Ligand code: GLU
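Presented below, as structure tokens, is a lone chain in the form predicted on its own.
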């Protein structure tokens, strides 16, 4: 990925992609996964895969394995892999440090009590911001709550100030934490919510750049305050627009909407998916880049637009076909070998008609057979002339043109009346690969059999 030296000042970047293993990755998840990968590769960087698996109720090993399979299919091989479930001691130490400095405080309100407070604020025309009543609790009041069986949740005390940061995509941003409730970082059962472990991990792993969806912009002010409260270096932030469906609807990993597994099973090329995931909603055109390195050379963060990034399935289909049409034999060869079709002339003759790579097996039968010729009754005499004028072998790229010239001279036919009966007789199909390149792959004996 190209980088603007005025925006990116730190080489050897360390970035992280942090999915939660609670579902399959979809096209929208692939966007930050790939943008982080391209950025790391362009900046001599390190790519960290961090599984945010603190949600023990929904996180599964199956989903964790699925994430790694999906990333590998896209061409992403993480340099470092960590799991938040293995790092609880770090979060506990950060918790204790924040409590000691008075930035993390216990609050005992139940969810019902909090909802009553929020409702009252709305009736008075005020924003439903937490009133920090817990800060005024005496030790005796806390002890009484504890005796009642209440367990506290823990809130981070915000500075309540404008927090400024320069977003590498959106430019100068300001989040005023004065208008926000002190966020809950620890639930009453002692489990951590997303925010504290994320910041602690970013500090511990020395993350230099956080590249993620724009739905996290409002979280950034809070997170910067936590970075500062823990004495950590604040990373640079880049918030990209989110991929949506054609009608602007969100893509959900839990309902399987455009999951990478489904796209893979449907036969899409990983590069088609990668290009759609990154270039959609940017000024980069949807071109059939051959690999991630070439895509990274063409794409930069400042090319990502501030508007919506709408995914069009028709564009994916078109791009997938274009990638196959441009694919050289060396790149296709391993897959062709697995099908017993590792012939460069065959690939070059057939690739222009592929929408999915798997279709090559069916198209190859146009050469290897079996083929059921289609010869109309009123074309019998025409086909007989074609048999009589069929050139002797060896055949090459000029054979088709010389044969057609001879048939045309003998019959007076031209255009569709000349070409279409030959296609039906030789391939049994209404359309297909260019017969000029296909004919030399079919033996003269096979052609005669089909024309007969």
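Quantities reported herein were computed from a predicted structural model and do not represent experimental measurements. Residue numbers count along the first chain shown, from 1.
One more form of this protein should be noted, the form predicted in complex with glutamic acid (GLU), which is absent from this view; the next part is about it.
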ask   = Which one, 141-149, 266-274, 212-220, 338-346, holds residues whose non-hydrogen atoms are within 4.5 Å of glutamic acid (GLU) in the model of the complex?
value = 212-220
key: Of 320, 280, 198, 259, the one that lies within 4.5 Å of glutamic acid (GLU) in the model of the complex (heavy atoms)   = 198
ask   = If you check 156, 194, 165, 227 against glutamic acid (GLU) in the model of the complex, which one has a heavy atom within 4.5 Å?
value = 194
task = Give a yes or no for residue 14: in the model of the complex, does one of its heavy atoms lie within 4.5 Å of a heavy atom belonging to glutamic acid (GLU)?
result = no
inquiry  = Taking glutamic acid (GLU) as it sits in the model of the complex, is residue 18 near enough to touch it, meaning that at least one heavy atom pair lies within 4.5 angstroms?
reply    = yes
inquiry  = So, residue 68 and glutamic acid (GLU): in the model of the complex, are they within 4.5 Å at any heavy atom pair?
reply    = no
ask   = Is there any non-hydrogen atom of residue 50 lying within 4.5 Å of glutamic acid (GLU) in the model of the complex?
value = yes
query = In sequence order, which positions of 341-371 have a non-hydrogen atom within 4.5 Å of glutamic acid (GLU) in the model of the complex?
reply = none
